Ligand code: ATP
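What follows is a single chain, given as structure tokens, in the form predicted alone.
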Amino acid sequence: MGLLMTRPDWVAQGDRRVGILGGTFDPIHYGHLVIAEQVREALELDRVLFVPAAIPPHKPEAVLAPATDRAAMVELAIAGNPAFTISRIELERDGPSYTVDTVGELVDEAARQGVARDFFFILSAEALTGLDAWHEPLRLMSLCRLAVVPRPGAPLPDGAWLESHLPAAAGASAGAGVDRVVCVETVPLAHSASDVRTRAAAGRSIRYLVPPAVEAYIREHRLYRSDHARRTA
């Protein structure tokens, strides 16, 4: 699909500072939205892209809802925020959803638009500890900055940790290093997507864990229930 995947309407011509929040969003919940909004505010981002993964390389068999449903729930969840946009870049690409490939395509699209655009990939402090195991982490850090947020049990790292643990510490490439990381204090919500799935599977209330439109979608489509006929994207 090549150049068509990073369509300009995902990132407007005037967007100069863009956050990228990837994940399975299985389902999207208030924790994702809180992180996106507070990072947007702290870093003065023009846009936050929500990027549902098609095949997450770290847990290819763990996704329970089809990509079509997960993308639909993201659209419903972000509908009220003009700074939020869904990107289907990974859903339209074959193979595993490697972050570095996604960011690379977005960077290439900015170059074709002739726009000097700064990208910030949003990830948790917990995810940062495993960055060495990601696909081409040094290249990723050369393409964008990492916006690191805390989560329960995983506080923000300090400067000493960053100096000793970043992939760049083992052999830095141009543009990679501690200066490529910005830590953002957000309000970490304790519930997770697995909590939502467990409650939905048991027929229990998920109100106040997900936006009302997402709650209604899960209920209407009987997602995560044992009698749900899994569809393919």
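Residue indices: 1-based, along the sequence shown. Computed from a predicted structure; not experimentally measured.
One more form of this protein, predicted together with the ligand, exists but is not displayed; see below.
Among Ser192, Ser164, Ser205, Thr198, the residue placing a heavy atom within 4.5 Å of the ligand in the predicted complex is Ser192. Though the ligand is absent from this view, in the predicted complex it lies within 4.5 Å of a heavy atom of just one residue from Ala127, Val115, Leu76, Leu91, which is Ala127. Note that among 94-102, 135-143, 148-156, 80-88, the stretch whose heavy atoms approach the ligand to within 4.5 Å in the predicted complex is 148-156.
Not displayed here, the ligand is approached by Leu123 to within 4.5 Å at the level of heavy atoms in the predicted complex.
A residue is said to contact a partner when one of its heavy atoms sits within 4.5 Å of a partner heavy atom; Val18 fails this definition for the ligand in the predicted complex, lying far away. Taking non-hydrogen atoms only, Pro211 never approaches the ligand to within 4.5 angstroms in the predicted complex. At least one heavy atom of His32 is located within 4.5 Å of the ligand in the predicted complex. Contact residues in stretch 94-120 (any heavy atom within 4.5 Å of the ligand, taken in the predicted complex) are absent; none meets the cut-off.
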